[in-house]
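Only one chain is shown below, in structure tokens, and it's the form predicted on its own.
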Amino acid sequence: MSELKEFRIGDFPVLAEQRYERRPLSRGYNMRTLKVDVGSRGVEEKPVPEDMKKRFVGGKGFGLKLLWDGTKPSTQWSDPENEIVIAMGPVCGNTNYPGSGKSLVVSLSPMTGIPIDSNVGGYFGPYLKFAGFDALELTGKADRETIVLVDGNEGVVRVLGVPEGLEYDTHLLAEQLTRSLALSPDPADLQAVAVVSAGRGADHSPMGLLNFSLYDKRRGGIRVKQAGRGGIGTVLRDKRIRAVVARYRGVEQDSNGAADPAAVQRIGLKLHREIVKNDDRQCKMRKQGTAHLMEVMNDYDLLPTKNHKYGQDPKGPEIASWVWEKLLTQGKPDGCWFGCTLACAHAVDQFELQTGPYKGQKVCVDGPEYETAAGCGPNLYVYDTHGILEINFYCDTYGIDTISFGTMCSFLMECWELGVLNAERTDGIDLSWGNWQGAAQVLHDMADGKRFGVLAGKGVKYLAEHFAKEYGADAQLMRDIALHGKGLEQSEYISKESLAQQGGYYLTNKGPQHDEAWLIFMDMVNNRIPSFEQKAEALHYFPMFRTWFGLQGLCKLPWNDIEPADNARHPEPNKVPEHVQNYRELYTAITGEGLSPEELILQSERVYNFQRLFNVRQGHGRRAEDRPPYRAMGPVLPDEYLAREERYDKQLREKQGLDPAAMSLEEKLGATRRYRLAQYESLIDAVFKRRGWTADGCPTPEHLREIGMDLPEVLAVAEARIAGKI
């Protein structure tokens, strides 16, 4: 890493300061939140009413409620009143149960115009919680580059100016701020500082992300985790916030103020033992992280290849899990919060960059996670691990979502193959399949604000429309192969062979993100949910259960990426019932409140329906917005059909009663398309009915009352939509 300019605390001019009373948490809550308006430089403490705690629980729930209250139906993402809310649930911050360090970030998305939520590890969220707040609202627009500092030991919030020479790109900025704002060079003081930042790429693209830092004492430097989806980093930079910093020293085993600390310890110890005993036999998360999925997805025809055209390739083993295991530094407890035995936040150390402004420098690359390895690997037809890691690093430091970038760049490469793009239109960048250097140049041009980089960074929804209008591309084909829902790029699993997974992506509130429901194996491989009603039930339960992690501040990986050895004996092993019981007991041990399986789902259902009504309030949330592009549903092009011809011909015979031998390839493509489109409409009907929504996707007032989300302002939105007033 190049030499960084050093700063002292006094180099950061204090623009505003507000002291507050420090007090310990009680049963997972502070019962207050913090609001900072960087425009007026106002700092405000806000109490959490009991009703808000009951209905919204914490984390994502608090974030959505505060965002709703702080914005209007007319608010756009770039308006000053749009907020970034970082919130932690009651379970977040405990150091006994693995995966308990997640923050949830919520904002109006530059990509979709509706609320986006993104979960993230790192130390910032727990530190903010221990500093005294259940959530932080950032609002307004600063008139100069600004830093917000929350000091939990001193009990003060400061709005700081940015000294000349402070970096923009995350791997440098977070390092500078950690060393500048730590109370001393002691590793414990460096570890007490956590930084939230974006990067130069977020200045020029709506797909900007937030990096949450942690100081790694064993490496002597900064690591980062990402709140990647939906462009929240772009909102941060639009507000001229360079960084948000939390400083807190003194994390203890019961900093969470649990109702029953001994029970928390007992429940955590049970999972620690299970991880140590079973992980090597199951997913090898402690050695490979989520990259353990690479060859599994390739084997089952589910690994996105060439813009989700195909699901596998003979080159797949070149980027299999065992390849990554050799590259990832082993033997270090790579958790993104204290006490996580699963420790899947791996890194590649001493990685030498070959392109861009840091060419020749050796850096630490956080990852790759599966989504990055798949989206920036085979989806671009890149099977060079160096290329994947280089794109991974630059996306992170520039503040660009790797999922959106991978899906966007694969769309560009397919357009290059189709002749829609050429060197003149790409400013000389070769976007042939497999050319990772070309993809990296697009990324560098995004960060530098150059013409084609800025155009590419607008995302596939915009690009599909632009290429049809400006270059005469086939408009229907562009819509078919632009993998997005509501403006958010699809994450990295092939969904066209699983109707349930199509729903798991596109019947979401925020767009096609894998954190709601991953049903491919249940549906396609194991055929456990054959009927529409069974699929609808799965698309009710799993999104609600997974939403619960976001309410509590939990990572989902310890739920189903490590399982009890006898999990298969249960009637519904996909739910990992023993772990569900663990979570219920953990919630009770921390909050002191009982939680039945039904109430667990109900906590999520309230917030999930609230988020849908938030979409409705902003002028969205309609059935038409829940339909996928056809590439996510079936074969668009002739060679796409031919790649699975035996499978598709069999489906024509068995499901439609047609004779493929008597049909042309064009006729087979058309018949397959009509059938799959009709199947998806039937799925929407079944899912909306199960969720208590109208046929157009609006929660009914009756359902809202039944689940306890009957706030007058929420009911008013539902009633207005059903009456046709919005």
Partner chain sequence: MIKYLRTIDEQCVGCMTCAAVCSRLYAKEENPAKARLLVNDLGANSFHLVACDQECRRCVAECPTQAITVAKSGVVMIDKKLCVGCLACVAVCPIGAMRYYPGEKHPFKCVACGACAKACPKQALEIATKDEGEKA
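Positions refer to the first chain, counted from 1. Just so you know, these numbers come straight off a predicted model, no measurement behind them.
Note that the form predicted together with the partner chain isn't included here; everything after this is about it.
- Heavy atoms within 4.5 Å of the partner chain in the predicted complex belong, among the stretches 232 to 240, 514 to 522, 414 to 422, 264 to 272, to residues of 264 to 272.
- Proximity of residue 601 to the partner chain in the predicted complex: non-hydrogen atoms within 4.5 Å are absent; the residue sits far from the partner.
- The partner chain is not shown here, but in the predicted complex it comes within 4.5 Å of a heavy atom of residue 339.
- By the criterion of a heavy atom within 4.5 Å, residue 251 is counted among the residues contacting the partner chain in the predicted complex.
- Under a 4.5 angstroms non-hydrogen atom cutoff, the partner chain in the predicted complex lacks residue 315 among its neighbouring residues.
- Between the partner chain and the residues 435, 191, 282, 534, the one pair within 4.5 Å by heavy atoms in the predicted complex involves 191.
- With the partner omitted here, the residue from 305, 288, 96, 508 that has a non-hydrogen atom within 4.5 angstroms of the partner chain in the predicted complex is 96.
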